[in-house]
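Presented as structure tokens, the chain that follows is alone, the form predicted on its own.
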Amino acid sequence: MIQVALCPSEIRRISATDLSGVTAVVFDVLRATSSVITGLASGVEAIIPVRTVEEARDRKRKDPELLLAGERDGLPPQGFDLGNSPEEFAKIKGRRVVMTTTNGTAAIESVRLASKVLIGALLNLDALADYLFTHPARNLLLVCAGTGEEFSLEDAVAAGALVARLPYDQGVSDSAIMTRSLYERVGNDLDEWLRETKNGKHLQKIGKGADIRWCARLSVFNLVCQLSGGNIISLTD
């Protein structure tokens, strides 16, 4: 069965259930998971997702070689090495990064007890679909990180794009059908639609509009990433 958690309240509800037989794919298109995919595709060794700024700084104190990355209200917290722009992550090679964002890393942490946690974005959709075709999940949960406590259009579109690429013999929930229909409605106008979202408008307001164009690209990285032992790592070369 393919199910979709559409917002943070649904993520919290589902995270309180038994996830031992579930493969979860987490989407935070603008921008956390897009930055993760970009970084690992560009040579980042591993990314460590954490919920809070304090936890990120504590990790850095214990391991000074780590880079601090993330955002609050779209901008990097004081003293961080990086923000949450994928182009920043594209410039790092051979480093380990501890990352905290408002929604994305929290969503990843919420489903960490799933049997497998994969990282999704528009940037790696075809690679994800190919992986899930060859490693079929009996129960597949697509997690839309959201915006604050709200539903986010961009994450739902990405989830729907993945649903559209998967076989349906295992069954689909109403939420999966809805996101697939949304993706089909959006079609090829991903950049335009993402600019009209709440996140997209905020990113443009704070001078990060270029990130939208980067994140709106479809299947530019042949990369699948998995949470393993608290680290997000690449499963493909």
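For every residue, the number given is its place in the sequence shown, counted from 1. Being a predicted model, the structure only gives us computed values, none of them experimental.
What follows is about the form predicted together with a small molecule, which we do not show.
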| query | finding |
| --- | --- |
| Answer range among 36-44, 196-204, 49-57, 182-190 for contact with the small molecule, defined in the predicted bound form as heavy atoms within 4.5 Å | 196-204 |
| Contact flag, residue 124 vs the small molecule in the predicted bound form, heavy atom cut 4.5 Å | no |
| Heavy atom of residue 152 within 4.5 Å of the small molecule in the predicted bound form | no |
| Contact of residue 26 with the small molecule in the predicted bound form (heavy atom, 4.5 Å) | no |
| Close approach of residue 101 to the small molecule in the predicted bound form, 4.5 Å, heavy atom | yes |
